[in-house]
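Below, in structure tokens: the form predicted on its own, a single chain.
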Amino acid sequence: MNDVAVLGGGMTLFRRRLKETGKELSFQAAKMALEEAGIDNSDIDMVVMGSAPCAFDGIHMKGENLLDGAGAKDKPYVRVFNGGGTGVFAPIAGWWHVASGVADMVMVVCEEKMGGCYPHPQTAFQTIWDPILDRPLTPNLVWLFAMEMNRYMTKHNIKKEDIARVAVKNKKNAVGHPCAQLPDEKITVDDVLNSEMMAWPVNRLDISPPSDGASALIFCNEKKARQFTDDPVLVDGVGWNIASSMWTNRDLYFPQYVANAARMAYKMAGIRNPRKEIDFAEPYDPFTYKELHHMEGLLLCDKGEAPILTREGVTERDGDMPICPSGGLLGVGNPIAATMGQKICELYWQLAGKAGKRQIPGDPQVGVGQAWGDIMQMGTVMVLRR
């Protein structure tokens, strides 16, 4: 199996209802990644596209529609999608094409244009529910995750203000991000707690914003990558897992599917003690509690310990275990698949010392990124090492 390096990344603005089409957003992100890597599109052997349901765009065969914008004309091309997990699974797909020797250089482009789904992107999720068990209840994602948040709080006796601190941290971290949709350096815990109640215990500021945007990453055979850099950032481990049982049949206080994916990635990376061997993490944070939930699923702390670490400042950018130094989905935005920009692009930029105002102090060597999708079932994990 070939060792795989990351050569460059790109990321567009994240906003609600950008004027650019999905093709144009894909082109912008791909162009930025190529320029950062110092290569031309002719150097790319194949392209992997990650994008969410066609319903967001209101078109059929969305992957084919985005092909030329992503620079994939006349190249092998594949689209992958597994809900919110796509932002990490798409780069995993890029990795395995290089690791297997199918290609020497692969560009991964992730795009999402949620703003065209009226009256709200939630509309696209109305048909995902089981027609017998779920749909008669007329569910939506917010109240479903409110139940999970409530279970997590109840199991560990967690206070809402400890969860609200995640929104405060991430929106402040996003202030230094050039693509951020909702940075806020003045936000307080009270602002979060006093924002509109959506479905108890979820307030409006507990939720990441719907967004349009795109991101791109270039993966390269390590031997070839050393033609471009003497200090490559390498893919150290990957993992993925999907729970086979319905969300109704599991105790929602712990994301076992994330833990399974993390163990797969850590085994590949030779990591035995994640808390001590990982310098920073980008867990998936579409809701405030999910960052805490996923920290525990990534085995970075004990069950129920993540809120304590957040309260004590351990997860701040200058803390012992920086969590979401990018600003995450809560601060930068949540264009489902394109969150590869915060989760894996950010790992690369931090490890390569290219994160600018967001750069973690010291000299980080190992980072882990994670995404989560489907109805509380899919976990995807990638470890990068410098």
Partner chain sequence: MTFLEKQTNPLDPVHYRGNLQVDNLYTSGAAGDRFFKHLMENDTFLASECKECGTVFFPPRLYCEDCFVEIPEENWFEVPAAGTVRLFTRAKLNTYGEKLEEPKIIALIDIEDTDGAHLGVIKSDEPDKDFMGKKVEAVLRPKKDREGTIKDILYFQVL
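Numbering follows the first chain given and starts at 1. As the structure is a prediction and not an experimental result, all values here were calculated from the model.
Keep in mind that the form predicted together with the partner chain is not shown, yet the notes after this line are about it.
Remark: of stretches 159 to 167, 121 to 129, 274 to 282, 84 to 92, the one touching the partner chain in the predicted complex is 121 to 129 (heavy atom within 4.5 Å). The three marked residues, 241, 300 and 318, fail to reach the partner chain in the predicted complex, with no heavy atom of any inside 4.5 Å.
Mapping the unseen interface onto this chain, residue 18 counts among the residues with a heavy atom inside 4.5 Å of the partner chain in the predicted complex. In the predicted complex, the partner chain lies within 4.5 Å of some heavy atom of residue 24. The partner chain in the predicted complex is approached by residue 70, whose closest heavy atom lies within 4.5 angstroms of it. Though the partner is left out of this view, residue 117 does reach within 4.5 Å of the partner chain in the predicted complex, counting heavy atoms only. For the candidate set 30, 52, 48, 324, a heavy atom within 4.5 Å of the partner chain in the predicted complex is found for exactly one residue, namely 30.
Of the residues in 31 to 63, those that come within 4.5 Å of the partner chain in the predicted complex through at least one heavy atom are, in sequence order, 31, 34, 41, 55, 56, 57, 58, 59.
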